[in-house]
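Take a look at this single chain in structure tokens; it is the form predicted on its own.
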């Protein structure tokens, strides 16, 4: 039977978790259960605006009743549109379109111990991961950094649900404490570490884990947004099949340019983490910004993720 690629859902409830974070509970239109999901999964939401549909992805969890999907959205300043829409234009009872859950940030089945590192809104994928780990009775711990207890979303829930598993670091207050990379030195062999938070935190912790000798496959992370490229410059592409030449402006991705020109490249996360938008490269020099390809794949210079990676000069693509 053919299945629709998206779902219509109704906003069941909205709860303010902190001054800047709201939690939205979504339910199926006809009262049946929404699709199940594994720890670390996300959905894409399609937000209707006059300028076009705004696509934004959010980690999913369920802290309430079975069959619902919940997301948490932090109001970004400045907002690129998604968080502003959720905070100021979405009300209980509204109907929105979402994708089916996908998982590009799964738990490792090989880990002997899981250590989850979150900063700010980066806690969201770990809510479903911790539920899965607890259900499977696997060994895990959470290290969660926020400015203060008041700005630490789900603080009470985490303490009550996972006593003894959670460690909090508040950078403001009478006894400020920061989460530092040195803690990575304390984990036993066989530990897998997972990072989610601001780009600076992810880069710092992944780099430290590498320097401390963690195997590449023991280190996992998820980005909220594409990496910031301050020095981004235009580049050209030539399509092998048609011989067509196109230009990729500094403020657009290769994926956007391809799709604007009628080339149906599949995509999903748009932050270089899932590999869905990979394209083959026949000639040219690639600037990789993804977190999906291995070093060996990058060194081959034969493939790139079109959502974030760029070219130098002109690339010839096998399209």
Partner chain sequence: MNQDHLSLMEGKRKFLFCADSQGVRSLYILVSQAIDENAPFDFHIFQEESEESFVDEWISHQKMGTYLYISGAVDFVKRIQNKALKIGFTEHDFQSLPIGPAKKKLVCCTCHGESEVDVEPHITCAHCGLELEVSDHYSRRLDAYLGYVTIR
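These numbers come from a predicted model, not from an experiment. Numbering follows the first chain given and starts at 1.
One more form of this protein should be noted, the form predicted together with the partner chain, which is absent from this view; the next part is about it.
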Notebook entry, point to check: Can any non-hydrogen atom of residue 167 be found within 4.5 angstroms of the partner chain in the model of the complex?
Noted result: no
Check: According to a 4.5 angstroms non-hydrogen atom cut-off, is residue 190 in contact with the partner chain in the model of the complex?
Finding: yes
Next item on the list: Look up in the model of the complex whether residue 214 has a non-hydrogen atom within 4.5 angstroms of the partner chain, and give yes or no.
Entry: yes
Next item on the list: Tell me, yes or no, whether residue 241 is in contact with the partner chain in the model of the complex, where a contact means a heavy atom of each within 4.5 Å.
Entry: no
Margin query: Using a 4.5 Å heavy atom cut-off, which residue among 149, 245, 136, 112 comes into contact with the partner chain in the model of the complex?
Written below: 112
Note to self: Please tell me which of 218, 206, 232, 103 lies within 4.5 Å of the partner chain in the model of the complex, judged by heavy atoms.
What the structure shows: 218
Check: Out of the stretches listed (136 to 144, 85 to 93, 154 to 162, 206 to 214), which one is close to the partner chain in the model of the complex, meaning heavy atoms within 4.5 Å?
Finding: 206 to 214
